[in-house]
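Presented as structure tokens, the chain that follows is alone, the form predicted alone.
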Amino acid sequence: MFSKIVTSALFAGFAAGLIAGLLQLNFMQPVLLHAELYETGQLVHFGGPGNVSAAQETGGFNLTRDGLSILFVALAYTGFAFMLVAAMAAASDRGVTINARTGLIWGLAGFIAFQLAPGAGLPPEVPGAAAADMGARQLWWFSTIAATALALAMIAFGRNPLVLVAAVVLLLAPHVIGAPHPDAFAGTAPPELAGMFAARSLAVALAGWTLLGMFAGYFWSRDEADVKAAA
């Protein structure tokens, strides 16, 4: 069982992570580099130089910067894959079918728990954006992930109506409490740029998590078939 979890997670995580890293490089990094020019003062929002030509000067593939960025994303998704495959293994022991098709649902659940739910309160930010205390944000972020993941598991596997009610409460609780925000909003980058970055971040995460779930389900079912064939 342990070796199946390891192999499925490694293959699925690295494959999905490489694709997600390339998507980030293409869609998110240009926005980040553009926002950094506002943060450093090379571009000024409202009344200053705001053309995108300066942002384009930071473009182009940088082997060290971009290669390490893709590798980091691949490693991060490999870590997510270990958590996802471990949950799949527990569900498989209970008779749940795990394959590439059902893996898509697992991937969507992971996206909701790790990206969409916390992003609803603390959306991805560009450099220079005003933010509340880091410790408070991290506490809310981790708590929201834990509450959402547990609630989704309760909805998926719970049979008692009270369990479903408790799941809804868990889903709503972090957002009723509210994420920590600064007393006043301010930032160097234009709000249009910040909105574009948040939207692209969630879109790339959706693609990465659905691929992760599909790959994890595929490799898990393939290893399971190989074990049955060997027996």
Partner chain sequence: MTTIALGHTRTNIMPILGAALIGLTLMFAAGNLQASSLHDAAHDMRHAVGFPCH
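Fair warning: this is a prediction, and the values are worked out from it, not measured in the lab. Numbering follows the first chain given and starts at 1.
The same protein also has a form predicted in complex with its partner chain, omitted here; what follows describes it.
- Proximity of M134, W141 and S201 to its partner chain in the model of the complex is complete: all three residues have a non-hydrogen atom within 4.5 angstroms.
- Segments offered: 171-179, 62-70, 158-166, 188-196. Contacting its partner chain in the model of the complex at heavy atom distances within 4.5 Å is 62-70.
- Shown alone here, Q29 lies within 4.5 Å of its partner chain in the model of the complex, counting heavy atoms only.
- Its partner chain is not drawn, but in the model of the complex it has a heavy atom within 4.5 Å of T78.
- Contact annotation: M83 falls within 4.5 Å of its partner chain in the model of the complex, judged by heavy atom distances.
- A residue is said to contact a partner when one of its heavy atoms sits within 4.5 Å of a partner heavy atom; A89 meets this definition for its partner chain in the model of the complex.
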